[in-house]
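So this first bit is one chain, no partners, the form predicted alone, shown in structure tokens.
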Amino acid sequence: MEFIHDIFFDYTIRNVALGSSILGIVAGAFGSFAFLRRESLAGDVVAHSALPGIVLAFLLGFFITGSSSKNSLVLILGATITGFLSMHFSSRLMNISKIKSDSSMGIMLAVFFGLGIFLLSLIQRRNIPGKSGLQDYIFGSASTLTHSDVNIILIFGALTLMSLFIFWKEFKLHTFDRTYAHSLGFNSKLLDTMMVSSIVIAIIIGLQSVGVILMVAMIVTPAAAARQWTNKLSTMVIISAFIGLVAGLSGALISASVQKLPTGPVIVLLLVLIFVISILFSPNRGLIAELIKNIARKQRIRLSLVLVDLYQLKIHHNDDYNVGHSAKVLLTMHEQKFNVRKSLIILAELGLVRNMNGDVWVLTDKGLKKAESILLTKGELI
């Protein structure tokens, strides 16, 4: 109840909680498209390339106005410009050389981030008023969010989400089949620019909260976690946005309750925790579900092998209905040893075999037909 009270009435906690929650929703929604388009590295490039834009925008504003105040809108504009420039140069580098996309983006990431660190270090050595706080964009400092910062995040986040709703069909088609979308008359370059722009904005608005280094986790991790739970894009986007919301809000509240605990890293750790839970326990793609399926598949194979072995022994020895075979005999028919008796007990529960006395087993009429069906189809299991 105290946390709920603080969200509404404590200025700092309210700004951090709202800013982180909105960021989580926007990053989660558009992160799904970046994840499916295999452009996760592009998000990393944009985030790191934003640093020189932030520093240059601060310097430009200082030299033009003489003011030492850091206008969030101006800094976001500078970060957006250098983010787009890094993607443009990466694309041009691929076109004029034989360098592949991942290598090209890696080069741009290193160049722009190195430039940003260099400019930041120069500023720190100079007597420039208002320079403190620029380094927070590297790792993020959500506690410094003001009401105007939250409004900027809200406005840009709402605009990007609005574009997602308006162009949902086009974005969806362009993500999964660009060639087909182009054949229907859609402008592929325009759609690509719109999607990249939305992803860039989603990244830029989160830099102050999470920082350039951790921002890529806000884009990739919710989408990767959501992908484990569904095969449908709309459901994936909703789950991813919800995961981003939960991690953003929870991270803000946890960092507020523990002294000197930064918000950005806490949000990322929560996202990683959700991702680990998803990759372990999701019903269709999770590791534990896959393990259970493999165990069940192996059991079906063993049951089928034992059933077919009983059938082959019956045919080979011209056994009549009341002559059976022991589990020890069946065990010698396979190089890979397993618990044949346990398999026979399960087959008996299924009504496919019956125990005559002791360790002697025979096929039932149902088991005989099933064994013949398995041999006939060459692969149909119990």
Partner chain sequence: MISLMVLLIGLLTAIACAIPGSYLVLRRMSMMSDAISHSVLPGIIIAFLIVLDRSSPLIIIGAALSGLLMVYLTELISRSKLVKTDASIGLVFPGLFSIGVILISMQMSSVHFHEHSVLVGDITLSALNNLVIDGVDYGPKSFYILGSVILINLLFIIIFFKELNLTTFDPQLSEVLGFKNLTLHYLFMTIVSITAVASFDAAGSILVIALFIVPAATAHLFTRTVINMIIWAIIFAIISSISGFYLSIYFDAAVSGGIAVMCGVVFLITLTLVKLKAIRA
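Note that the rigid core is defined as the largest set of C-alphas that superpose within 1.5 Å between two forms. Residue numbers count along the first chain shown, from 1. The model shown is predicted, which means the values in this text are computed figures rather than measured ones.
Another form exists, predicted together with its partner chain; not displayed. Remarks below refer to it.
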What is the one choice in Val246, Ile152, Val111, Ile238 with a heavy atom within 4.5 Å of its partner chain in the predicted complex? Val111
From Ala158, Leu73, Leu85, Val258: within 4.5 Å of its partner chain in the predicted complex by heavy atoms is Val258
Within a 4.5 Å heavy atom cut-off, is Val196 in contact with its partner chain in the predicted complex? no
Please determine whether Thr221 contacts its partner chain in the predicted complex, using a 4.5 Å cut-off between heavy atoms. yes
Is Ser121 one of the residues lying within 4.5 Å of its partner chain in the predicted complex, judged by heavy atom distances? yes
Val45 near its partner chain in the predicted complex, any heavy atom under 4.5 Å? yes
Taking its partner chain in the predicted complex, would Gly61, His147 and Ser250 all count as contacting it (heavy atom within 4.5 Å)? no
Please determine, with the chain shown alone, which of 73-81, 280-288, 196-204, 238-246 has non-hydrogen atoms within 4.5 Å of its partner chain in the predicted complex. 280-288
Checked 34-62 against its partner chain in the predicted complex; residues with a heavy atom within 4.5 Å, sequence order, are Phe35, Arg38, Glu39, Ser40, Leu41, Asp44, Val45, His48
Spell out whether the Cα of Arg178 moves at least 2 Å between this form and the one not shown when the two forms are superposed on their rigid core. no
After fitting the rigid core, is the C-alpha of Arg285 off by 2 Å or more between this form and the one not shown? no
